[in-house]
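In the form predicted on its own, a lone chain appears below as structure tokens.
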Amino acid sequence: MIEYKNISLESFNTFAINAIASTLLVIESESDLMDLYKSDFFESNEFIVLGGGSNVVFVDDNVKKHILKIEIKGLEFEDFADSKSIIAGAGENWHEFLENCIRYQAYGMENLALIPGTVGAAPIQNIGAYGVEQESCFESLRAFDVKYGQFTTFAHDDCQFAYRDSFFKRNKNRYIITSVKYQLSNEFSPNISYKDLSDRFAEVKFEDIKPTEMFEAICDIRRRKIPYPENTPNAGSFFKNPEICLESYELLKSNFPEIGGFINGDKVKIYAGQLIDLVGLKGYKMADSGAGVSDKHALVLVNYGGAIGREVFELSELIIKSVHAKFGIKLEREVNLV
């Protein structure tokens, strides 16, 4: 375990917010967590668990809570007749983890390529993209219970996965994920249900699509449509796509025919980015601030340089109020505010 005092968090979050943490502890093993428990750290201190910092905005310039940066690494592969089991340390980079899966010919999560963050954060957020969510291949995870100082295994149903949600998101700071186990297929079956992908492979026979081609296509589409944090700091999709009942959707369409959505069970999921675009905020930049809305994708808030967390929060408030005033829909943030 490594301890830092009064350290800038600019390099620890993809929004590049230059907040100062009073204490940052780098957790490199499960034993580090047990040592903290034995020292009464969890009873005596308020803390924040940080993975890749890709889904967080530090609203306050000075973070008083202790930050636990999870850097537990490691990959374990096991072969079965028709599948492969993969256990990844919570601190593994998500995209690099998927690259390893492709090399190991383990398939099922190609559509989640290039999503920033760590493996340990994936089940908390139940990340998803292009018709696939991580829960479709999730088997179990191992987590440390900070209340009782013991490690617990959570099966799929224990995690209570939902759209960009899970048991862990609703019970913050009770359990710290240390590793995640996925069950992937030996047979590659591409999911090209999303239009961007079906268009990309329109002239290729389904059975001729190769895993590496699929993986590269996802990366290319994401880079083209969404600004990558290394180039323009951001936290990815800032808002969830809101869900409304079919009756409300039909009423909304009668007033705003251009609005799109897709059926999800007994609900219709509306594209939040389109709502933001329709209120005229795509490409919007705050005056005297580096905070703005991407001109590539209205769902992505960006830091054009020097933005502080409070400004990003104020921009998100403006968006929420503007969308609600025009459409009667209240957007919900997907990004965590600290």
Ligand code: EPU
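Position 1 is the first residue in the sequence shown; the rest follow in order. Model, not experiment: these values are computed from the prediction.
Separately, the form predicted together with the named molecule exists; it is not shown, and the next lines address it.
Out of the listed residues D60, D277, E311, E28, D277 is the one that sits within 4.5 Å of the named molecule in the predicted bound form by at least one heavy atom. Proximity to the named molecule in the predicted bound form, defined as a heavy atom within 4.5 Å, singles out one entry of I226, I87, I244, I209, which is I226. Although the partner is absent from this view, F262 stays clear of the named molecule in the predicted bound form, with no non-hydrogen atom inside 4.5 angstroms. Contact annotation: G128 falls within 4.5 Å of the named molecule in the predicted bound form, judged by heavy atom distances. Within 4.5 Å of any heavy atom of the named molecule in the predicted bound form lies no heavy atom of Y37. Not displayed here, the named molecule is approached by Y163 to within 4.5 Å at the level of heavy atoms in the predicted bound form. With the partner omitted here, the stretch from 183 to 191, 78 to 86, 229 to 237, 98 to 106 that lies within 4.5 Å of the named molecule by heavy atoms in the predicted bound form is 229 to 237.
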